[in-house]
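Have a look below at one chain only, the form predicted on its own, in structure tokens format.
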């Protein structure tokens, strides 16, 4: 669950300074030494101790005593920095309810100029090594805490949405800060929860969007019934793009084949639709 909105509203300017200092210093340290943090913030020992205590109580910062007193920014703190920035920009005004939890993300409603979606990327311990090996946006070497891996993931998705919209039916990308993507609200449900009246037309629509993305040089890379949305008119949108690759990527053909196979197998399993894989692939890449 993203950080509670009241925590963000009640953050003191000194606490924001500590979070920003930790964000900066964690590019060099897994656990930022207390003395380094004190030097970076300019706070007295008592002030820093008090503010760190509040941040730890809000689960924005964690501490480690071995081999030295060290502190690290965690996702609640990173959420707070992103939400603070998005609020100051005027992108969002209020945080709504949690509406979805995925393998590597949490999705909330929010209010900006109108209803919007906030996607908080959460590249965690189990998915981190997989992400490092398989995804072009992940650094291959060096120190990369999970919060920064999530930043890379969010930036990758935002880049894809910018390239695809409006040619491909994807959410409108509105803003990006750190690991949070702000996008338009899609009025529908996941394909897996929908009961389609005309499944053949929806399947055709999905394949056409995969084709248009391919023509733009992009392969989704993780397409399934869980990241296609359908509204009451059975219009579809393709969502969840952090694992996309360019069509020139060495794994692009395999990923495209898997995307198409996942969709065809779902429609066959649920609706009994037989659609030859070779025909679908040819349609996409022609």
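It should be emphasised that the depicted structure is a prediction, and the values quoted were computed from it without experimental measurement. Numbering follows the first chain given and starts at 1.
Note that the form predicted together with a small molecule isn't included here; everything after this is about it.
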property	result
All of 103, 117 and 184 within 4.5 Å of the small molecule in the model of the complex, heavy atom check	yes
Position in contact with the small molecule when the complex is considered in the model of the complex, options 163, 196, 72, 107, heavy atoms within 4.5 Å	107
The unique member of 60, 32, 239, 219 whose heavy atoms fall within 4.5 Å of the small molecule in the model of the complex	239
The small molecule contact at residue 94 in the model of the complex, heavy atom, 4.5 Å	no
Contact label in the model of the complex: residue 245 to the small molecule, heavy atom within 4.5 Å	no
Non-hydrogen atom contact residue 99 with the small molecule in the model of the complex at 4.5 angstroms	yes
Non-hydrogen atom contact residue 229 with the small molecule in the model of the complex at 4.5 angstroms	yes
Contact segment among 80 to 88, 198 to 206, 184 to 192, 211 to 219, judged by heavy atoms lying within 4.5 Å of the small molecule in the model of the complex	184 to 192
